[in-house]
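The chain that follows stands alone, in the form predicted on its own, written as structure tokens.
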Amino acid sequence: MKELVVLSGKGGTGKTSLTAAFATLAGRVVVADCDVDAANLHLLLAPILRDTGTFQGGKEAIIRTRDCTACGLCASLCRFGSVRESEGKFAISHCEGCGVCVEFCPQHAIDWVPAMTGTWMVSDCPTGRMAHAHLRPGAENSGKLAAFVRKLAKEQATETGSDLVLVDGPPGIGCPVIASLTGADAALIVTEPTPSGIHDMERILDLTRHFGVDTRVVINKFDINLEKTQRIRDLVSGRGLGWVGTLPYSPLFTQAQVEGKPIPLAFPDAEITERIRLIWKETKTWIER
């Protein structure tokens, strides 16, 4: 079983659209949407839910009213304003999980319990199985949820006999990206010829190098700035990394999103689809070595 993680360093480079296209061209694969803070791969792959459950990624404080003496110490210690008083009774809402109130309550009247921070799902798609999740708004530990989604995807690959797990990773270089990347066989970085695209590409390349993950790069919308495209080529070549290709700017990316389909399904005969096919062929050859 091989695991390919598609990353971008920043949002808006076309990472999810390319991942969905790869899943379509690959045939029967298992896909994992590890961008749990803002999951959107399901918008293109039309998943049909087969299993779901809650995810506990942290802890929260709950006041036992019967034991609380209403001293108010917890409210004065909480830096997040989560402890509220009403009619002489204290309660905690939107707990940030720091645990200070639990530690210092003189009556030990505050319980420290697992918090439900998200929902995980396993679905059937036209391309095969899909593992995905949603993080509750404002919830923490998205890295743990991303790691759990990867675990689900590998279990589904074993169950279905798939030899490829295709991961749509989060943007940036933070905890959920690290959780999506560590231990993977290969990482494909999707970038664009803009100042932020170059800056964030370099950061994610530093990360993949740190974790020793075999990495290659594809430039999307390469023709919007040929000078910066050449700069990206020079930077990547200077690191001794390889390419899988370039893609021109195409409004068909947006049109396919509006239709809720991967580009190869929405526009099978378009030139951009043929270029994506060539990139997938090159990527498949690379990861199977």
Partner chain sequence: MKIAVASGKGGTGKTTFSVALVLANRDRARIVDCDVEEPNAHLFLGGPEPVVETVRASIPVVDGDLCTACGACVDFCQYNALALAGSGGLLVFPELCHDCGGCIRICPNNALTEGPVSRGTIETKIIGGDLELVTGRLEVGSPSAPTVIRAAIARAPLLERETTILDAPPGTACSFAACMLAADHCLLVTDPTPFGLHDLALAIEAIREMSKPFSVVINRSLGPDDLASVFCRDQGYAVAMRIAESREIAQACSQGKTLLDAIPGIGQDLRDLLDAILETRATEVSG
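Predicted model, so just to flag it, every value in this text is computed and none were measured. Numbering follows the first chain given and starts at 1.
The form predicted together with the partner chain is left out here; the points below concern that form.
Only one of Val236, Ala39, Ile63, Val244 lies close to the partner chain in the model of the complex, with a heavy atom inside 4.5 Å, and it is Ala39.
By the 4.5 Å heavy atom rule, the three marked residues Asp111, Met116 and Glu288 all fail to count as contacting the partner chain in the model of the complex. Using a 4.5 angstroms threshold between heavy atoms, Lys228 counts as touching the partner chain in the model of the complex. Contact check for Gly161: every heavy atom lies farther than 4.5 Å from the partner chain in the model of the complex. In the model of the complex, at least one heavy atom of Leu43 sits within 4.5 Å of a heavy atom of the partner chain.
In the model of the complex, at least one heavy atom of Cys98 sits within 4.5 Å of the partner chain.
With the partner left out here, the partner chain still marks one of 23 to 31, 64 to 72, 253 to 261, 46 to 54 in the model of the complex; by a 4.5 Å heavy atom cut-off that stretch is 253 to 261. Residues from 72 to 97 that approach the partner chain in the model of the complex with a non-hydrogen atom closer than or equal to 4.5 Å are Leu77, Arg79, Phe80, Arg84, His94, Glu96, Gly97, in the order they occur in the chain.
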